[in-house]
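Given next are two forms of a protein chain, the same chain in both, each as C-alpha cells and marked structure 1 or structure 2.
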Structure 1
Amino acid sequence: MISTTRLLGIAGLCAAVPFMGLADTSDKSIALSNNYAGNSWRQAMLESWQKVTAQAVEEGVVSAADAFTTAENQATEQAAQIQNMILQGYDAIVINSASPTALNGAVKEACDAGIVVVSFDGIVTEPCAWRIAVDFQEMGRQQVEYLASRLPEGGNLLEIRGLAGVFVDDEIHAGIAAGVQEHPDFKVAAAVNGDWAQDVAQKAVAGVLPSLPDIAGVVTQGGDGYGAAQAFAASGRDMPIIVMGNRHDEMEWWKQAHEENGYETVSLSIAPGVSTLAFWVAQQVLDGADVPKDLTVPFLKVTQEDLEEVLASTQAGGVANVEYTLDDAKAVISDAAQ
C-alpha cells in the first residue's frame, strides 16, 4: 500500500508539475455524471474535479470537463442524465454510479455511440466501461483486524453502512463480514445506514443504542464516525473504539479525545480526488493509450502517528485528500498493465 505520506505528497505535485496535454485531445469534451452530493466526501470529490479539470481546460488538454449531479440518488435519474450526455456529444463520460448494474444499459448506449466511459468509486459492471476502485472489501476487513489488535477478547460491534444498493456499501460490508469471520470473538450486534453523512449517522445510531448491549467497537464506511461519537456521548454510554473515515470533524474529535484521555483509533477512506484520476484515465483512453479496464488505487489510511500531520493538511469541513496528475495516472495505468 502507498503510505499516507506518499499519498499526501501526490497532492502537492498538482501545482508543481505542468499538465502534459497533447493536441490529440484538445478538442475532446469530458462530462462527470455524479449521483449524490449530500456529504463532505462527495463535495470534496466535486471540488477536486473542478480544480484539476479547470486547469486542464485552461491548458488546452481538453475542450470541456463539465460536472453534473442528479437531484436524487436514483439510478433511473442518472441513466437519463447519461442519455442526455450522449445526445450532447461528449467524447467521454466519467461516472460515480448509483448502482453497479442499473446503469449498464445507459453505459452500453454510450459505448455504442463511441463514447469512452470510466466509472470510479461507485463503479459499473458493463464490460465496455473502465473501472477505478480501491479494494473496498479489504478496507472493511482491516477495520475488524485493527479492532482485534486492540480488543483481543472481541466484543459486540455496531456497523454503520452507507447508501443502500451502492457498490461501495456492499463491498465494505462484505469485508467487515469477512473480518468478523476471521475473528469470531466479535459479533455485529446491529447495523444501521448512515448514508456516509454525519447527521444521518448520528440520528441512526441514537435511535438504535437503547436496544443494544455494550458496544466495544464501531465499524464504519466514512463520514459517520463523528456522528456516532456524538450519539454515544449523548447516551452516556462508554465510548467504543470508532473507526473513522478521514473527515476533518472526525479527526479533530479524535485528536481532542486523545489529548483528554488517550483515545486511539484508526481512520481510512478512498481519497475524494479519485475523480481526478478518472478524468486523466478518460483523457488517456481518448488519446489512444492502451488502458486496462480495471484499475486499483490504495485507500488513504490514517494512524495515530499520522493524525496531526494529516489533520493539519485537511481543511475544516473537508476530507483528507489526494489529487492526481497526468503522470500519476500514467503510473497507475502502467502498474495495472504489468
Structure 2
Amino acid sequence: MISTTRLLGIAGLCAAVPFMGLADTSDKSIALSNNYAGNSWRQAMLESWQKVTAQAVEEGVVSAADAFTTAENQATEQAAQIQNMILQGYDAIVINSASPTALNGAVKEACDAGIVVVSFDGIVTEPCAWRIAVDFQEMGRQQVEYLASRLPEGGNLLEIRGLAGVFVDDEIHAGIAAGVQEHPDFKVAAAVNGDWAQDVAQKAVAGVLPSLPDIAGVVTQGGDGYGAAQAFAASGRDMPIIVMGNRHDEMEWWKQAHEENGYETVSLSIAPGVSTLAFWVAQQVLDGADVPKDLTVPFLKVTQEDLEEVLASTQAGGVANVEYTLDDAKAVISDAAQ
C-alpha cells in the first residue's frame, strides 16, 4: 500500500517536473482558514480556491490545499481552528481573518512552528505573516473621482456604508471622505448602513430618501448598489449615478438602464478569486522566493466599455471574478518589491 502510494507520488512528481520547472513545493500542504461563507462573494471565493488548488494538487505543485470555514465568524473560533492546523502539520496557512488583531496570537504560534502564514482580504497585523491587502481607501476615493469626472458641478451624494464597526467599512468611508475633500463641490447629504446586503441597503435607502434633497450620486461598498437602485426607482426620483460593486444583478440592471436611457456608471470591487492569489503567494514563499510582507490586490474595475464582456463571463447571480495564476502572483510580488 505504502509503496504504491509512494510510487504514484513519484510518478506524479516526474510528470509535474517538466511542466512546472520548479516543483520544490510538491510535498508541501497548504490550508485555507476562512472565517465566513454566508454570502455570494465568499461562496465564489471558496469555489475559486477549490478550482485552482484542485488543479495545482493534480499537477503536483503542492500535495494538498484544504479549505476550512468557521461556522460563526468568531475570532476565538478561528484561532482554535488555526491551532488545529498547526497540530495537523500544514506547511502554510492562508487566512481570511475575522479580525486584524485577534488572531495575532495564533498566527505567531504558527510562525514559531515554522509555518508560512499568508493573510488576504481580512488581513492580520502580526508582523511574521504576509498580507495581501485591499486598498479599501483607494476604492472609496476612486468612486468620488469617477463621480467628479461625470459631474463637474458636484452635487449631493448618498453614502451607503457597510456593517458598522467592521474595519473595511471604516476604511472605505475614510477613502470617500478623502475624495469628497479633494472635490469639495460634492457633499455627503446622508449616510446609511446597508450591511453589504441588497435587501438591507434597499430598506435603509427607502427610509431616508423622503427627507433628502436631490441626490446626484451614490457611493457604495459593494453588494448594495442594486438595492439602492430599487429604492430610488420605487420613490419615483431621478436615478442618480450609483457606483456598483460587480454583482451580477447590479451589472444586469446597469446594462438594461443603459439600453433604455443611456445610463452610465462604473463598478469596482475585489475579485473573490483573490483567494487563489493568496494560494500562489504562499506557494512562492514555500518555494523560497523572496516575497515582501505587504502586497496589494489589484481592483477589478468594470467600465461602460467592458460591461458586456464582464457580464457575459459572470455566473448568473454571482460576482464578477478573476482566478489568478502563478504568473499573476509573480507580477504582484515583483511590483511590491520595487
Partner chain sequence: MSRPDASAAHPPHRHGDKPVTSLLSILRKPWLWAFIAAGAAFVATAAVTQAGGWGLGMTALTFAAFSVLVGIGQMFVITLGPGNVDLSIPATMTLAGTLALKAMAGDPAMIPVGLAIALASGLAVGVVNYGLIRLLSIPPIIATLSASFLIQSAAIWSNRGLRVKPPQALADFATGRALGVPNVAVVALLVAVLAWVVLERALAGRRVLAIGQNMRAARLAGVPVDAVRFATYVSCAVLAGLAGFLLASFSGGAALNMGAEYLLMSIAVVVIGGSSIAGGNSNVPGIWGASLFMFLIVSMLNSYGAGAGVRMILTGVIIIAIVAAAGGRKVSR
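Think of the rigid core as the biggest set of C-alphas that the two forms share within 1.5 Å after superposition. Since this is a predicted model, take the numbers as computed values, not measurements. Sequence positions of structure 1, starting at 1, serve as the residue numbers.
- The chain appears twice here, and it is structure 1 that represents the form predicted on its own.
- Once both forms are overlaid on the rigid core, the distance between the two CA positions of Val166 between structures 1 and 2 is 2 angstroms or more.
- Put the two forms on the same core and the Cα of Ile86 is off by less than 2 Å between structures 1 and 2.
- Once the rigid core is used as the reference frame, the Cα position of Glu305 differs between structures 1 and 2 by 2 Å or more.
- For Ala231, the displacement of the CA atom between structures 1 and 2, after superposition on the rigid core, amounts to 4.4 Å.
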